[in-house]
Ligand SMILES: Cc1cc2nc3c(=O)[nH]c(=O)nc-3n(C[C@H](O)[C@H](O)[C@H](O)COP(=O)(O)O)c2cc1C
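Just the one chain here, laid out as structure tokens, in the form predicted alone.
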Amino acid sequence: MVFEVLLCVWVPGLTLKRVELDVIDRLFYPVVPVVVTAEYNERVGGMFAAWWSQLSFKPLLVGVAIAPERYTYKLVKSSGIFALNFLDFSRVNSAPFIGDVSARFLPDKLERAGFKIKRGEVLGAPIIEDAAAAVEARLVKVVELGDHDWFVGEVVAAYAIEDFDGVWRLDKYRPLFYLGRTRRPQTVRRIYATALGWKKVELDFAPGELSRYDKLRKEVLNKVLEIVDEASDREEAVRRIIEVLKEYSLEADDAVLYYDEALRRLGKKRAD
């Protein structure tokens, strides 16, 4: 069963209620799930993943959670290459093939879902030909976290339909949202949604009086970057950063955080 919903703005004054922890995952939805695709030993597979995120700009890193039991886990870890694909809501009926069954048992599930696979231009990663967008990524790290592992990849190429013009115009693209699934003893259903209409608002960055605080933030950061670029060692850099923070009536123990931020922005390694 598919539900189409209208996304509404937050209504102030609502009262929070206690949510049981065994359903807390549903609290984090709706999300735009991605289809993780990968290939190893001429086997192509893919799975829906709701737990994913951009992690960094430089380098451009993304992360996605995959359980070891998933066949896609093997494909990504063995090949070191994967793609994230974004589907339009028009493909919602294909969701059970990529979200509910494994390529370990149904090797041609992507084909049965009606997807055609083509190769990315940089890594040759398998991507869904009629996806609304896709990115190719090179695996750089796998972190063990509870019942899922976090696969970190560096994005090397991205592709999108014409509705993306620096930002999504949302003229034709109707994002596919995932709201979680019902649980037994009732019939288990995954719930997907999209918007029947969009309320789009564009706000200036740090408008009005906020511009002053944004300017202060940038002033401090630029001074810190200059200090770290010039300092001979960590101790000197942190000491000088503390003096800058005092000038702006900021907390001195933030100096180490600013130091680490500067190292990353300057592409330097920690000396300690």
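Numbers follow the displayed sequence, beginning with 1. Note that the structure is a prediction, hence the values are computed from the model and not measured.
Only in words, not in the display: the form predicted together with this ligand, which the text now covers.
For the residues L221, A206, L61, A67, the 4.5 Å heavy atom test against this ligand in the predicted bound form is passed only by A67. The partner is absent here; in the predicted bound form, the one residue of L84, A132, I98, A125 having a heavy atom within 4.5 Å of this ligand is I98.
This ligand is not shown here, and in the predicted bound form it never comes within 4.5 Å of any heavy atom of R174. Contact check for L245: no non-hydrogen atom falls within 4.5 Å of this ligand in the predicted bound form. At a distance threshold of 4.5 angstroms between non-hydrogen atoms, R91 is out of contact with this ligand in the predicted bound form. Taking the partner from the other structure, this ligand in the predicted bound form has no heavy atom within 4.5 Å of any heavy atom of R189. Just one listed stretch, out of 68 to 76, 135 to 143, 116 to 124, 160 to 168, contacts this ligand in the predicted bound form at the 4.5 Å heavy atom level, and that stretch is 68 to 76. Contacts of stretch 137 to 173 with this ligand in the predicted bound form, defined by any heavy atom lying within 4.5 Å, are made by H148 alone.
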